[in-house]
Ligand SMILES: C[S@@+](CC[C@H](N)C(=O)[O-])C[C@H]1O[C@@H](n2cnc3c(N)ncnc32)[C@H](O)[C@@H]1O
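Below, in structure tokens: the form predicted alone, a single chain.
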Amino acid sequence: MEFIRRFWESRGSEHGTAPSASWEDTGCIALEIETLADILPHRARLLDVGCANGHATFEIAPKVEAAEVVGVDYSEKMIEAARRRLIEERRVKEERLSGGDETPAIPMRFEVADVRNLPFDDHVFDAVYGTRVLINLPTWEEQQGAIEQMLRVCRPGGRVVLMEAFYEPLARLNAARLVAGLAPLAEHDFNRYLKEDRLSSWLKAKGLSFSVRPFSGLYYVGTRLLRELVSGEPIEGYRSPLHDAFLDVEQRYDVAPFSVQQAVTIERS
């Protein structure tokens, strides 16, 4: 975990308030934001676990007309960047209010916290969500504990959304790459992708109602397979005309078996 903390501290220092702080694949980040905005309840009190520098937090909050948003992250540098942006957002809002804008500002704050031990009372949020957070925990046992914490602080009748990367779709994508004569894609040193069957079995054993929403299959096929086949060169970076093209296609269609990024929505009973 110290290695992971150092990694994200360096990202926070390097990228500041830029969208790329949590990931350079801004196309997939856009898909995450779009999906969360569709899943999260409106006019609710939200907890964004692993908010990084708050880029997605600021994007999602007005889309769902949040009553309040609290963002937490393990990295102090990320939270510092989120707080800097919050100050700027408030300044801009004050200027708009003085110009006649009557839209109220959404109450928002950012804190340093560990998903394995969230510093909140039980049942205080209407919805809790995390984006690529659990994959930063090195073991399945710690990932389970983190989900338990997210469930604990969510009120009965509320919603917990796990926006995570999964191993099985990556394996299928690598099988397709193998057929195409391409080298396999690997998890980063700081990532431990979730296993679909293991998570599903665990949630069912706990009697939890949940649904799974794939939202990145065609985008991954296009940007992690077809791009190399079309260009004849290894993938470098996350920006290209094909990234833009498959982002547009993904917003209308999906190929679930290749959807590495998925949203698991747990209904808190």
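None of the values given here were measured: they were computed from a predicted structure. We number the residues from 1 along the sequence you see.
The discussion below concerns the form predicted in complex with the named molecule, not included here.
Interface membership of M150, defined by any non-hydrogen atom within 4.5 Å of the named molecule in the model of the complex, is ruled out. When the named molecule is considered in the model of the complex, V115 lines it closely, a heavy atom lying within 4.5 Å. The named molecule is not drawn, but in the model of the complex it has no heavy atom within 4.5 Å of L46. The named molecule in the model of the complex is approached by M78, whose closest heavy atom lies within 4.5 angstroms of it. Between 237 to 245, 203 to 211, 50 to 58, 218 to 226, the stretch whose residues reach within 4.5 angstroms of the named molecule in the model of the complex through a non-hydrogen atom is 50 to 58. The listed set L86, L199, L137, A165 contains one residue whose heavy atoms approach the named molecule in the model of the complex to within 4.5 Å, identified as L137. For the partner-free chain shown, T131, R132, V133, N136, L137 of 128 to 154 come within 4.5 angstroms of the named molecule in the model of the complex, judged by any non-hydrogen atom.
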